[in-house]
Structures are given as C-alpha cells and as structure tokens.
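Only one chain comes next, encoded as structure tokens, the form predicted alone.
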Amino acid sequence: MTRRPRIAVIGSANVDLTTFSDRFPRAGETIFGQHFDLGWGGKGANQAVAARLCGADVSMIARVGDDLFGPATIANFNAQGIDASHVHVVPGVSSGVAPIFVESNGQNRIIVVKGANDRLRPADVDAAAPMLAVADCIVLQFEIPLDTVFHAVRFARRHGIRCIVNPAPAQAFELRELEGVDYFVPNETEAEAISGMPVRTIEDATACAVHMVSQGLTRVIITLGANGALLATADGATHIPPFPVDARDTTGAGDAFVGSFAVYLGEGLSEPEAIARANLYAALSTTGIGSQKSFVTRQRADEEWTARAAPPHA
C-alpha cells in the first residue's frame, strides 16, 4: 500500500463569493447575474483540500478573522479531515474574501481582499516547527506576506523538506529569496508578470521556464490551462499534454493542480506522471462549480486516469 504523504500548507483561507453572468459588466454598468454561490476558498485552503481529497495527511497554517467566516472556516478544515491546530482567529480583523465573477464560457476574474491572511507572520511558521519538521512537503502561495513565504522556504531548506511555491497572485520579488525551492509553479499570467516574457504559446512557455531556471530556480512548472503543463529543469523542458473536458468553471483549477501534484509526487511517482495526473485532476475540477466544491475524490481521479488513455509525454 502506498504511504500517505504528509503535506503542510502555509497559506491563505478565504471565503469565495462567486457570481455567474453571461458577460462581465463594463465600467459604470450594472447587469443581472444568473447565479450566486458562497464557498470556501483561498489558494492555501484550496490546495490543502485538494491534497486531502487525493489521500494525503494534511496540516494547515493560516489566519482567519473574528467575523462570521473565521470560525466557520476552521470548522470546514476539521470537516475535511485537515489538521487546523495552527489556524487561529485574529481579533479585530476580517477574514479573507474573494469576490469571483464567472462568464458563461467558464473564464473568471477574481479580486482578493486578504484580511487576516496578511497577519500570518514568520513567527507563526516557527510556532508550527514541530509539525512542519515531519512533513514530506511544504506548499506555499503568495496570498500571505512574502516575508512569511521566504521564511518558510528557508525552514524547508534547512530541514531538507520538499517545497513547492505557487506564486499566485504574481508579485514583484527577488528570485534569490526562493533559492532551494524544489518546484516553482506559476500559470501563464503569473509567469509573464514575473519574467517579463510573453507566455501565449507552448513555445513561449518553454522559453520562459528555461529562462527562470537559468536565473537559479531548480524546477519550473508552468500550468497552461487547456494546454496542459510545461516542466523545465537544468536538463531541458518537457510539455505534459492536457486531458480535454467540457469546462464549466475554471476557478480553483490551478490550486487543484498544485495540491494533487504534491500528493502524487509524495507517493513516489515520476515527475512526468505526477504532472500528468495533476493535469487530469485539475481538468476534472473545471467540470464543477466553485473551488473546493468542484474538487473530485481520489477514487474518481483514479477511475478517470484508468478510463482515459494517458497522453504520451513529449
């Protein structure tokens, strides 16, 4: 039997407020939407839930507000079977929220108000050191203060723990702060913003990822949505093809990829297979609505993997 990986996610926990409409309103325009959904989100929380659904033992380090959403967020972690002993309420601060607007073709636009997520500090990482020290992988994103991300990266490096950084949303930073990160996983938009290079085709993604590796990153995976993913290392670049699906809502797909990839890699799968399976897991998430609610179980993911002919790896 495959050992259950132990994944520690240090990151954001938000409440997603999702509105569906045929199109986005123009400036100053009010339109009617078709549907509204309230769900649990935040890139960190989403990745933790995806990892848990894929079979890992997961612990979350996060901060929530003292509003209605804070205790409910902690209760959601507990209900998912995620260790929330390091998720604490910050007095006098709102929880993070993410108003999300989804067009009928599944494309989305998101505005994140970080709230208590901005109160997750390096000292909170140190306070969780005993738990982090036994993790197989530490997963981070950019919805918390960057000094906390960099502090956690240094912790992972000192303790020889695999570390995955998802630089979302993209922000300006010095690449040297991520020295020792095992996997740097942006999407096309984030890769463009960070590198200053266009990422509109697979060829663009290859050039961009190779460039970022040349700047000191060990492994770069650029997620390409319906075009799969691109892996670059010092030995070159590999395109991992996608699994086509009828997408309804792409919200959270990148988080589904990161969370599932951490698990597949932790189970000992090769990089190409771990990425291919994460491509499928992320694709399946787009067939549902919302973030965490759209993530499928490991059983469903394995059934789909078996049913579909795995695309050949380039």
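Not measured: the values here are computed from a predicted model. A residue's number is simply how far along the shown sequence it sits, counting from 1.
Although it is not shown, the form predicted together with a small molecule is what the next lines describe.
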Query raised in the report: So, Gly225, Gly228 and Asn279: all three within 4.5 Å of the small molecule in the predicted bound form by heavy atoms, or not?
Result: no
Query raised in the report: Just one of Ile100, Met212, Leu132, Ile240 has a heavy atom within 4.5 Å of the small molecule in the predicted bound form. Which one?
Result: Ile100
Requested in this report: Tell me, yes or no, whether Asn46 is in contact with the small molecule in the predicted bound form, where a contact means a heavy atom of each within 4.5 Å.
Outcome: yes
Report task. Look up in the predicted bound form whether Ala207 has a non-hydrogen atom within 4.5 angstroms of the small molecule, and give yes or no. Result -> no
Query raised in the report: Heavy atoms within 4.5 Å of the small molecule in the predicted bound form: does Ile110 have any?
Result: yes
Requested in this report: Give a yes/no on whether Ser260 approaches the small molecule to within 4.5 Å in the predicted bound form, heavy atoms considered.
Outcome: no
Report task. Please determine, with the chain shown alone, which of 25 to 33, 270 to 278, 252 to 260, 48 to 56 has non-hydrogen atoms within 4.5 Å of the small molecule in the predicted bound form. Result -> 252 to 260
